[in-house]
Every structure is written in C-alpha cells, then in structure tokens.
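Just one chain is shown here, as structure tokens, and it is the form predicted on its own.
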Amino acid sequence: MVSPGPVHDSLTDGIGATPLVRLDRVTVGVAAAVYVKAEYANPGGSVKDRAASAMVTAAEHDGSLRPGGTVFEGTSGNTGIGLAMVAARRGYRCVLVVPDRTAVEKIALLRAYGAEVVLTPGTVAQHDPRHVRRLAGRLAAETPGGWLADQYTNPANPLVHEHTTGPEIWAQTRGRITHLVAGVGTGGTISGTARHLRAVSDGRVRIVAADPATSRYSGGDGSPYTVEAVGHYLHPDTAVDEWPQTYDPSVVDEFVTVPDGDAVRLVRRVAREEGLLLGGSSGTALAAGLRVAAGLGEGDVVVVIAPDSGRAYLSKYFDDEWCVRLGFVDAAEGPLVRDVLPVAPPGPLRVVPAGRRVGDVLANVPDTGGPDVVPVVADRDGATAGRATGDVVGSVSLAGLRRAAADDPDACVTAHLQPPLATVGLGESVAAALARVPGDGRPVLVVADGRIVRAVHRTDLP
C-alpha cells in the first residue's frame, strides 16, 4: 500500500524530519552500521534551513524583525539560501553578504529566491570592515527595519537542533546510536544535536567533530582549505580569534581531521557507488565517520550528518577539470605532470609573506638557487611547506626586491606585487598543462590536493 506524503500549509513546515540512509558500498569490511542523516532533503537543500527558519521565527516573536523589514546575514551560502527561502515565503526583503570564493551554484540559488547578493573578499581578517560578518552587520545597522540573523551568536541556531535534529536521530535509530559525527561551522548543528543525544543517552553517545586538517577548531594553523562551510579559517592579520558563540566545544569528545583531498575524492566516490550526491563538508564528515567506524564492532551505530547536497558544487568537486587542475584527481590520459618532473626539487619551496618589509624578506628568504620569481602568501611567518592555493595573493621577483631595497628597504613587499604564478595539477596531463601555462619564463606552481608542493620551470614539462 502506498503511503501518502505529508501535506503542509507552508513550505517551511516541511523543514526537518530528514531521512537516515544506511551505506553499504563504501563501508565494505566495516562491522558497525553507518548512516547518513540526509539534511539536503530539507526544502532549501541543507541543514541550515532549520536554523534559518528558527532564527526568523524567534525574531518575529521578540519583535526585532517586523513586517516590511529586511533580513541581513553574512554567509558562505547555505544559511543564506535558507534565509532567502524563508524571507520569500514571509514577505521580507533579504540581503546576503557572501564570500567571493562561494560556489557559483549557491550564489545563483540565492538570487533565484529573490535575495540581493553582496560579494566580499573571502580571505580577510575578522576585524576588516569587508569581512562577511562585519559588512552584513553594518548594512543591517544602516537600513531602517534591518535585522541581522547572525548565525554565529544567535541562540536559536543550536537550540533548533537540540529540539529537532537530536530527537529525530534518537527516534530513527531507536536509541541505538553510539557515535554522532558532524562538522563544525558555526557549531550550531553539532552543539544542539549533541546536547540532546547526550542527555537522552545518559552520556553514552560519543560526539565526534570532523574538521579540515588546517582548521583552528582542531588545532590547525588556520590556513585556507578547499572544502566550504566547515572549519575555522584564521587570517594571519587577525588580532583576536573570535569563535562562534553558537559553538560549545565542551560537547565534543573527539576531533578527526580530514585533508581536503580525502573529502573531495570521497564525495565523488559516494556519488558513483552509493548514489548519494553530497557536498564537500558532508565529505569531510563522512570521511571522519568511516575512520571512526573502522574501529568499531557490530553493535555500534554511527550517524554522520550530511549538511548539504553536491548539487551546489557541480562546478567544483564534481567537475573533472577543476579537480584535475587542483591536483585532487588524475587526468584520464597521460603522460601526467608527476610522470615528467625531476625526481627531487632543487630545494624547499620559497615563498614571501605579504605585509613584510623588503629588507626583512631579503634577510630571511633562503638562497636555495630556486626560481627568482616566488609566490607571495598571506601568512605570518612564510612557512614553506604545502601552502594552500588560497594563501597565494601574488608573486614577486627577488632580484626586483634587491634593487628596491637599495632605495627603500622599509617598503612593503606588496608595493612590488606581480600577478600570481600559473598552477598545474600534479595529476594533470602534460599536454593540457602546456596548453594552459603561458610561456613567459616565470615559474609554474605544482598543486596536489589544493596545496602547492613545488615550483618548476615550464621547460620541466617536456
């Protein structure tokens, strides 16, 4: 007998009650049961629908958002989509400040709901007036009837998960859940869900936070990473590292760090083997969940929260060319860049930290006999190992700096900034790389898993 679906008076009534989906292909050899909490089944396509609806409803109740008002938020996309959807339904204008690194699909979705999108640089310090939260707050304050959702401080964010997501998981697993695995963005999802599961299980459920390898939450250096909407980036110019008030670190029993490459390759695999199209942050959580499950037994039940769908990232994680250029996967045909490079690089990759004095840079950059033109990175100390492509702000000629130092050693490096160097993926085909890289005599940066591993000359790609 066919079971009829629910009937709702409003689209927002359909938020929540998302399914659990058991995995059985990528879990071969794993004794524990692994389930995905498919939050992309929400009307707006992500877990953030819950927080968006809850925050707007709370603001209506306390009078901070009135009829005819304008909803503002700084967002990497999903919270904005949820707010835009709720605002459209309830008749509010919606203005969203979005980092310029956000996937184009997300920006298109925001505009499809009628939201006004304000793009701002995605890698600026928290105190910078262009930072997503600062800019959104200023615009809200300057607009009559403006209301800032501020998912990073709004208590309705974690509270909705304590009241809905946690109880749903407990009921769906009939109380058998032993491990919850979730990423930490604003921290609302993991904090609220964990509070309920801990309370109802008398502390039996173990809470595992999945985090990008460089995220500050798990003790990383805070440098950029590829996966969106999870983790905590720390700009090198940040004076005070402010963490979201909606994140309760005390709920986390264990962190599992996941490199970008593991997350990206896993979501591509899950789409082909399980038929689940997941976003990058879901890949981070699932990679951590599979690692946890590998050490468990038959009586254990692992639930991984999948925040959104891969439909919002078709131009990124599921685009073969994008993945090849960033070194996440290999091209279908060779020879590949890795096949023709010299066995060992001539020395460590030299980089120059932005914002430094020319004289200081020349005194500290080692003379390894490498290329004269080197990357300039947004970094405190100019560490050389595995720079993320998101770190790179340009390039500079060391010979040019030496000439400049004769006149003004106190000048800032950025005064002599040149365009960034071209990049090639470690697994990119040599033919494709040569067709794309300009023959201008400047070095080429080789990228693996979104991070720079070495600099070479174009002639090293025969």
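Everything quoted here is computed from the prediction, not taken from an experiment. From 1 onward, residues are counted along the sequence shown.
From this point on, the text means the form predicted together with a small molecule, which you will not see here.
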{"property": "Complete contact of V181, G310 and Y317 with the small molecule in the model of the complex (any heavy atom, 4.5 Å)", "result": "no"}
{"property": "Proximity to the small molecule in the model of the complex (heavy atom, within 4.5 Å), stretch among 134-142, 119-127, 356-364, 78-86", "result": "78-86"}
{"property": "Non-hydrogen atom contact C323 with the small molecule in the model of the complex at 4.5 angstroms", "result": "no"}
{"property": "T186, heavy atom within 4.5 angstroms of the small molecule in the model of the complex", "result": "yes"}
{"property": "Non-hydrogen atom contact S281 with the small molecule in the model of the complex at 4.5 angstroms", "result": "yes"}
{"property": "Contact of V230 with the small molecule in the model of the complex (heavy atom, 4.5 Å)", "result": "yes"}
